[in-house]
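Just one chain follows, in the form predicted alone, and it is written as structure tokens.
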């Protein structure tokens, strides 16, 4: 007889150009909607407390950061997670003494804070000036054992790196989640990255035999428009649920984690790995020295 652990995941997509209070209330409403639809793991977008401030390099925006401890938003969602019995990764701008990070606080279905992940890959380019604000994360990649499965969370730019996805899988992840804020390129209005953005994460799903959940924002903030397209795909890379470029709402999908584990073992990707040959991955340029 085979076992079955069915977990229902959700992604939230919404505009986030308002005040902190307005944005938090909007996300809370969507979390409640997702939970009412049976979701047990619910993913809001990246840095949902405010507009995407990284468009510009302005020192005034550092005042938006808050520490992990006694963080009002995290405390609010902790109570919400406990009340609804859901897992929620909370993306926030973290202040740690004199350092600043783009971080996720992982809240279990009991409301317990399981810990902190700090974004590892920090982009730098027109409209995405994140290196001005954030140090590269120092937590390493994490797979969180929650009441609703083992969950790996990467943050936005992390989603482009197969090393991030594979590392979370090697830690035991059963679901991969990516909160994000991505849209138009102010320096190149003709460049639309929506399809490559989805394809790279779909590649992680196939290569690791794991579902992927991505949550993006929508709307226009100054000269930058976020293209939504939040989605949930299965281990085959099939998009099972997707929101449009301007569509606010929640998508929900159930997965049998035990059946996925059997499929993952059957494909043999982790059996046939050759870490003894992957030394170039530990270098910046692929060169072996010494």
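Bear in mind the structure is a predicted one, so any value in this text is a computation, not a measurement. Positions refer to the first chain, counted from 1.
What follows is about the form predicted in complex with another copy of the chain, which we do not show.
Here is the short version: of 186, 145, 85, 140, the single residue with a heavy atom within 4.5 Å of another copy of the chain in the predicted bound form is 140. This chain is drawn without another copy of the chain; in the predicted bound form, the residue among 67, 237, 244, 38 with a heavy atom within 4.5 Å of it is 237. Remark: of stretches 67 to 75, 215 to 223, 191 to 199, 107 to 115, the one touching another copy of the chain in the predicted bound form is 191 to 199 (heavy atom within 4.5 Å).
By the criterion of a heavy atom within 4.5 Å, residue 160 is counted among the residues contacting another copy of the chain in the predicted bound form. Shown alone here, residue 280 lies within 4.5 Å of another copy of the chain in the predicted bound form, counting heavy atoms only. Residue 122 belongs to the set of residues with a heavy atom inside 4.5 Å of another copy of the chain in the predicted bound form. Among residues of the shown chain, residue 80 is not one whose heavy atoms approach another copy of the chain to within 4.5 Å in the predicted bound form.
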